[in-house]
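In the form predicted alone, a lone chain appears below as structure tokens.
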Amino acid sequence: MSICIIDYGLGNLASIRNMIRKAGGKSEISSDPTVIAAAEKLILPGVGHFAAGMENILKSGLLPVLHEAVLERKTPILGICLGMQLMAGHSEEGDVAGLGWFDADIIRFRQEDMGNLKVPHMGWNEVKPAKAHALFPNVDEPERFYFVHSYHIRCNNPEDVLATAHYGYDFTCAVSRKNIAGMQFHPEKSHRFGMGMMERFIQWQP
């Protein structure tokens, strides 16, 4: 299995590669369009500002490569943290358009709805699957993952919601549709739960 971790200048690339290795897979980090196009699976990582992420993708010339791989060839892809957010149509962070793979918006946690909770949301949180999926086979068994974020995705199509978490209120923390999946949390920082998620991603055949 050839997994390419896409390097567009943002993200915990080495940590993701190490977790894939621990989960029994092989991967390479690359920004080369040829490598990305040839990969059997893709991971779109990301940490940082939404607008900076989209700017990097555009400047690197990867936008058409990603659209062709994901939308035309249906290459399975997993977005992590900012990588998942970039899959949405628009973000409040920078007021810019995203990749548009999901009919969704990225919005900031509203401090007035958080009570005494701080933003960013940082730490471990229980994740509840919203539907049966190969990445969450045990719908009735919530798992715990590590989060660091101030923004989250709001899906306009309920069928795209893969899992939710609670921080002040319930929010969507994972999305999926066909060959595309994304997670707000960091499986590469989530120990045994993260390794289990990576094992399932390696085996995933949408």
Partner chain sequence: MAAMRRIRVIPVLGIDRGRLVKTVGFKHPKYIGDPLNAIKIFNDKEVDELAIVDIRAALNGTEPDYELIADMAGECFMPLAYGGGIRHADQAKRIFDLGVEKVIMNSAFLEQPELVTGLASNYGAQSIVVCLDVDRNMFGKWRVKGVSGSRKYEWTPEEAAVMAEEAGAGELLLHAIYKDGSLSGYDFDLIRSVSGRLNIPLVALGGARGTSDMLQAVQSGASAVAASSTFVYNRNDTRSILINYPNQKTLTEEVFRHL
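Residue numbers count along the first chain shown, from 1. Quantities reported herein were computed from a predicted structural model and do not represent experimental measurements.
Beyond what is shown, the protein has a form predicted together with the partner chain; the following relates to that form.
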- Report the stretch among 116-124, 69-77, 129-137, 95-103 that approaches the partner chain in the predicted bound form to within 4.5 Å, counting heavy atoms only. 116-124
- Message: the partner chain is absent from this chain, but in the predicted bound form, do 12, 15 and 166 each have a non-hydrogen atom within 4.5 Å of it?
- Response: yes
- Message: Counting any non-hydrogen atom inside 4.5 Å, which residue from 155, 148, 35, 51 sits next to the partner chain in the predicted bound form?
- Response: 148
- Message: Even though the partner isn't displayed, in the predicted bound form is residue 47 close enough to the partner chain, meaning a heavy atom within 4.5 Å?
- Response: yes
- Distance check, residue 177 to the partner chain in the predicted bound form, heavy atom within 4.5 Å: no
